[in-house]
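A lone chain, given as structure tokens: the form predicted alone.
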Amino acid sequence: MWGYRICYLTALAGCGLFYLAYGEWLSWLVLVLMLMIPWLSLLVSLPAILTFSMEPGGPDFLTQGEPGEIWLLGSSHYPAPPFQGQLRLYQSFTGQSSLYSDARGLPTEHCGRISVTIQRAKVCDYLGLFAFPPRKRGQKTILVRPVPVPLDPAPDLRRCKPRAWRPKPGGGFGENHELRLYRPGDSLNQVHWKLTAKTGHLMIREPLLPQRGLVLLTMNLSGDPEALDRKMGRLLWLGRRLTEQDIPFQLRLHTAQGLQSIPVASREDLDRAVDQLLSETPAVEGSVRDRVYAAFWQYHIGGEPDEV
């Protein structure tokens, strides 16, 4: 902006010298026009300035360690005037705040949430001579997702196998089923026709659902950034193993907001749960490990290199 002002003042000084040296009506007209140009620019730019909005642009999700960059976007109902501003980054897990630099890029060495805000924002007239704060400034949140960290030794998931089976409500498809005689109300789609032909009785293939006890994962959302990286990575790795084997489980976590419970039954549920935790505030004190739960299988995820 100061560059535009210096250029204008230089041109104005030249017009003034031209008037002093020449002294005719043409030099006077040129000087008057030069004096009026800033106000004409402001008048023409005013509709664009009043409808101007500014917001950060960039990715919504990144993986830990993945390079990324953001930028400043401006929009208006009219041709966009010049604008400028600084982007400030705040990392939820580390608590660090810094100004964004294109040379450094986004800080993705740790997982967590990065909040992006705009400061020192200015929108100018079309010539860049007048500057005003924009009426609308947006914000942005970027989630830096963890990288799966394998557990060593890996927990034995055979104990999570179903203890019993029950008929699936409403019928339908099931990987496991039992055969029984037809009862009034059963769907004809479930009739096992080959077995019916052999036995002479209507036989039904009834789908079954597994009955498991509570499978529980506990974790304290606390510790330094390195410990939180390991916890979130271990949670992602173990959660994926459980969902791949169709084992639903529940997360019990201690955060700054207290004890939280998140049910997980699929890969999509796991991804949503991890994204939710990335936006939480770590706890300073307290532990979920000291609590006793009536769980069929329970595993605590620690953050130290040798803690499980």
Partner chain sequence: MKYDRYVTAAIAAALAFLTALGTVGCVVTAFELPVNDLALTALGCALPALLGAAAFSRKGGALVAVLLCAAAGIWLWRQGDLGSHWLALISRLSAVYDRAYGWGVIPFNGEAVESFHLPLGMVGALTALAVSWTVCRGVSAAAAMLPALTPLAACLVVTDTVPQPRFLWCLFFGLLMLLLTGHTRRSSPYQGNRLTCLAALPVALALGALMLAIPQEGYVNYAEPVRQRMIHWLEEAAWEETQGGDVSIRFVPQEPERLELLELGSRTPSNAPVMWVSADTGGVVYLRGQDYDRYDGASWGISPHRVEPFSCSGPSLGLVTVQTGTALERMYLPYYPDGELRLVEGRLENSRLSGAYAFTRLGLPGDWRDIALAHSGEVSGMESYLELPEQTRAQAQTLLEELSAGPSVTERAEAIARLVRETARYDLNAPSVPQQTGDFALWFLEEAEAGYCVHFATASVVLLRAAGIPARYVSGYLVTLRAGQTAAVTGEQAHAWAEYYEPALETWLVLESTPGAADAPVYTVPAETEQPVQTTQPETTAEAPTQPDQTDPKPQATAPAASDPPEDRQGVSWAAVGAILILPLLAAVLELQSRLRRRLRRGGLRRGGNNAQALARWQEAVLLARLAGQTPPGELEQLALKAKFSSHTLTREELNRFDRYIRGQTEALSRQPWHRRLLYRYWYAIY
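Positions refer to the first chain, counted from 1. Predicted model only: the values in this text are computed from it and were never measured.
Keep in mind the form predicted in complex with the partner chain is missing from the figure; the text below concerns it.
Only one of 103-111, 87-95, 74-82, 148-156 lies within 4.5 Å of the partner chain in the predicted bound form by heavy atoms, and it is 74-82.
None of the heavy atoms of residue 243 is located within 4.5 Å of the partner chain in the predicted bound form. The partner chain in the predicted bound form is not approached by residue 13, whose heavy atoms all lie more than 4.5 angstroms from it. Contact annotation: residue 260 falls outside 4.5 Å of the partner chain in the predicted bound form, judged by heavy atom distances. In the predicted bound form, the partner chain lies within 4.5 Å of some heavy atom of residue 127. In the predicted bound form, no residue of the candidate spot (118, 131 and 142) has a heavy atom lying within 4.5 Å of the partner chain. Residues from 43-59 that approach the partner chain in the predicted bound form with a non-hydrogen atom closer than or equal to 4.5 Å are 44, 47, in the order they occur in the chain.
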